[in-house]
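Take a look at this single chain, the form predicted alone, given in structure tokens.
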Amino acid sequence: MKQIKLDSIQSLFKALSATRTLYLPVDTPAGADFKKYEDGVLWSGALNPNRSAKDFFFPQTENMVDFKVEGKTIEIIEPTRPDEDFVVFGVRACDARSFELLDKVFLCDPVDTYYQNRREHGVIVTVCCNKPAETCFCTNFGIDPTAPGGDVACWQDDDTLYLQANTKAGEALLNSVADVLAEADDSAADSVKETVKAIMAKLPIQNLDLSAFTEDNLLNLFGSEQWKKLSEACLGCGTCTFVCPTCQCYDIKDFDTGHGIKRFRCWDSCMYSEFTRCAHGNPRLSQVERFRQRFMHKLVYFPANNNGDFSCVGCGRCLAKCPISMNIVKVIKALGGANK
């Protein structure tokens, strides 16, 4: 394990950014967001940025290919693939787990080479959550915030940051900045871990009953009368899907620039009326159907196809951002059985 004093953290950021692009959470007027590091930029103390680190591997908009049409001739112009090596520093355990879930979608056959390319160039540095919020419920999905994962995991006490490599990429990263780090005992962060575990045990959204959300119970959940009541105030704004670290739906569109056609993909939302619209129309005409689709996918469809892994990491963003205070926790409690 390595360590560095927090009052020297800028030397670590400068060393990391010397050979690759560094991104870290930075305070903005609208809250914390991941930003490119520049000399003197301060690392935000916020628990989680407004949007997850998913953007680095599955960006909100992404150019796929350009076309130029002259008469009957079509010229296809392949976009330049991003090839910068980069580090995302300050990722929490919930967001780190989301990458594993996204990998199941984008790295299965046929592999999404756009996503794969970014994953191969990125190194993830996670940081343990010192002060989990009341909206945090990651432990319900088997996530341990004191073992945040990533290529390098970090723990922070009052004056020191401790770093431990988890992968070969993490070892290479720490070796590249060895001059600014000092050795630390492997047990140096144990007190931090114990403190965080004690906090998590007292948070209100613990021990959710997920036992009802099984493939065998699919039809009962799908036909539940609870969906109408739960969805009646939903605005269909899609905020929950855009802040979610595991949502992976996208649309592909063509845009006429006046000089050619640009084909790009952009995030889509199952909460929108045009989502999955086909030639015959939309298969989900009502908001209650679209609302049900979102949560059935998170809690039933995805785990049924991915060895029981729920498509939620308990980051709490949907709890904090939904304008009508509807979220996956309320759905779980309404449909999930006795432990409400």
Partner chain sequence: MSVQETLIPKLGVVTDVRIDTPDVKTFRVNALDGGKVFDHMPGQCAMLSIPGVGEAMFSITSSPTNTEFMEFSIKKCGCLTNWLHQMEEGQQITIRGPYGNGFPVETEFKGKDMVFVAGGIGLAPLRSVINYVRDNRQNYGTVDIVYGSRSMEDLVDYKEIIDVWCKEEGINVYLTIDREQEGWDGHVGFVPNYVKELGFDTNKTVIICGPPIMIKFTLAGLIELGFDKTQVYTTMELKMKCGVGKCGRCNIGAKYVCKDGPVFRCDQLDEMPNEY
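Residue numbers count along the first chain shown, from 1. These numbers come from a predicted model, not from an experiment.
Not on display, but discussed next: the form predicted together with the partner chain.
Novice: Ok, W227, Y162, F89, F106: which has a heavy atom sitting within 4.5 Å of the partner chain in the predicted bound form?
Specialist: Checked against the cut-off, the match is F106.
Novice: Within 4.5 Å, heavy atoms only, which of I261, A188, M200, A169 is in contact with the partner chain in the predicted bound form?
Specialist: Checked against the cut-off, the match is I261.
Novice: Any idea which of 179 to 187, 109 to 117, 145 to 153, 91 to 99 reaches within 4.5 Å of the partner chain in the predicted bound form, heavy atoms considered?
Specialist: Contact criterion met by 109 to 117 only.
Novice: Is there any non-hydrogen atom of P79 lying within 4.5 Å of the partner chain in the predicted bound form?
Specialist: Contact check for P79: yes, within 4.5 Å of the partner chain in the predicted bound form.
Novice: Is there a non-hydrogen atom of K54 within 4.5 angstroms of a non-hydrogen atom of the partner chain in the predicted bound form?
Specialist: Heavy-atom contact with the partner chain at 4.5 Å: absent for K54.
Novice: Given that the partner is absent here, does E289 sit within 4.5 Å of the partner chain in the predicted bound form, heavy atoms only?
Specialist: Contact with the partner chain, yes.
Novice: I'd like to know if V69 sits close to the partner chain in the predicted bound form, meaning any non-hydrogen atom pair within 4.5 angstroms.
Specialist: V69 belongs to the contact set for the partner chain.
Novice: So, M64, I74 and D251: all three within 4.5 Å of the partner chain in the predicted bound form by heavy atoms, or not?
Specialist: Checked in the predicted bound form: all three residues contact the partner chain.
Novice: Counting only heavy atoms, which residues in 177 to 195 are within 4.5 Å of the partner chain in the predicted bound form?
Specialist: Read in sequence order, no residue approaches the partner chain (within 4.5 Å, in the predicted bound form).
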